[in-house]
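A single chain, nothing else alongside it, follows as structure tokens in the form predicted on its own.
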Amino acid sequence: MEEYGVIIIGAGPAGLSAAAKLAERKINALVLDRKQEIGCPKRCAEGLGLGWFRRLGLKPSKEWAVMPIYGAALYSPLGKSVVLKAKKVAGYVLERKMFEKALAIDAVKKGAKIRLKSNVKSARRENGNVVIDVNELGEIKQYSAPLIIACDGIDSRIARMLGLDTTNKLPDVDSGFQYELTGIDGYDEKLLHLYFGNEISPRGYCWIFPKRRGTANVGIGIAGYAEKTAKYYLDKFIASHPNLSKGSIIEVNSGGIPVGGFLEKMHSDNLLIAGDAAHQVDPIHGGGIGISMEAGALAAEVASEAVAKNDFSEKFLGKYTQKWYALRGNQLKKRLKGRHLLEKLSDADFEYLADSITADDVLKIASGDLDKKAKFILFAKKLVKRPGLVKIMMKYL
């Protein structure tokens, strides 16, 4: 049995971020992942805003930050657009396979170890440690550590093996489906394009994320309980846009997306949880790369303190849950109200908003600079003809 200071399950953004931070602190860290290749398969539109680059200390590399983005265009059900475009780069669409491999190389250079095709079959506490049985390329191996960081995605099993229920409730999960299309045109490749409407995408939206010239991620996220599949709605959307339907598919991605149901506890004895496994995703747009990396780094920080004090109790590790809510979780809870707002809007409401709200209004609302009174005045002026819509917005915003 091999022993480590910390074992991380899952070599995604959260797990690799945690591994790098632990290795920097000279803690013997092992990352196990059941996949055969880091970064595959992706369940992601691959966008990352510039704010996350700054927070995480990332420097864009041409190897994986493949398309600079200058803003977004939002489309109503009938096609009216609100365009938010800046003069400077606002973010990048990534080649996530290369991005995560770069994160893995960095973690290993700092001292972490990574093993793939390593499927954890069981995990149990023994004498203050966690012992895990792993099917590694057909051979059963055992590993032991006083602390496990579970970063094994939306279908996480590790936390449940150790007694912490992380089950996603159906209303808090979206179904995602995406093609990488090439040979397409007819859209501004400097912008992300988001299409709203209940007929287009129940509860969610369709997107075009430019990735290279003539190539983009074209996908959809819908409520997990929608009447038809995400693929059905996406195919219908593409068929209605000749500039997309002429394209060729060079990659297909699908999967579940946690969009709420934040865990009250993301810790237990000998256990921390980060990333999609902890439902740490923006509930409005479903993005989670930056949030996961931030959470992985925070988990590593608390894990380092636990190693220094030799205290892996639930009480001590509770610092992680408290710190995460203070840093990001409480903000995401507020954004969850925004998702609930979108669920209440009809297509007629979306259309009215497109006719009434300007790009400047959207930026004011999104910036968080407006207090409740200012929001009320803004909505009262813009939506005076739809008092029911004002009532819905004030409830959630």
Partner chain sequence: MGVKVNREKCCYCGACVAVCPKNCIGLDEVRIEIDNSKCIDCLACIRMCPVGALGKIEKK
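Numbering follows the first chain given and starts at 1. This one's a predicted model, so the numbers in the text were calculated from it and none came from an experiment.
Note that the form predicted together with its partner chain isn't included here; everything after this is about it.
No member of the trio Tyr187, Gly214 and Asn217 reaches its partner chain in the predicted complex with any non-hydrogen atom inside 4.5 Å. Within 4.5 Å of some heavy atom of its partner chain in the predicted complex lies at least one heavy atom of Phe177. Its partner chain is not shown here, and in the predicted complex it never comes within 4.5 Å of any heavy atom of Gln331. At the 4.5 Å threshold, heavy atoms of Lys97 stay clear of its partner chain in the predicted complex, well away from it.
Among residues of the shown chain, Thr167 is one whose heavy atoms approach its partner chain to within 4.5 Å in the predicted complex.
Stretch 31 to 39 is the contacting one of 44 to 52, 337 to 345, 58 to 66, 31 to 39, since its residues have non-hydrogen atoms within 4.5 Å of its partner chain in the predicted complex. Exactly one listed residue, out of Lys141, Lys319, Lys117, His241, brings a non-hydrogen atom to within 4.5 Å of its partner chain in the predicted complex: Lys117. Taking Leu327, Val252, Leu78, Leu137 one by one, only a single residue has any non-hydrogen atom within 4.5 Å of its partner chain in the predicted complex, and it is Val252. Taking a 4.5 Å heavy atom cutoff to its partner chain in the predicted complex, the contacting residues in 228 to 262 are Thr229, Ala230, Lys231, Val252, Ser254, Gly255, Gly256.
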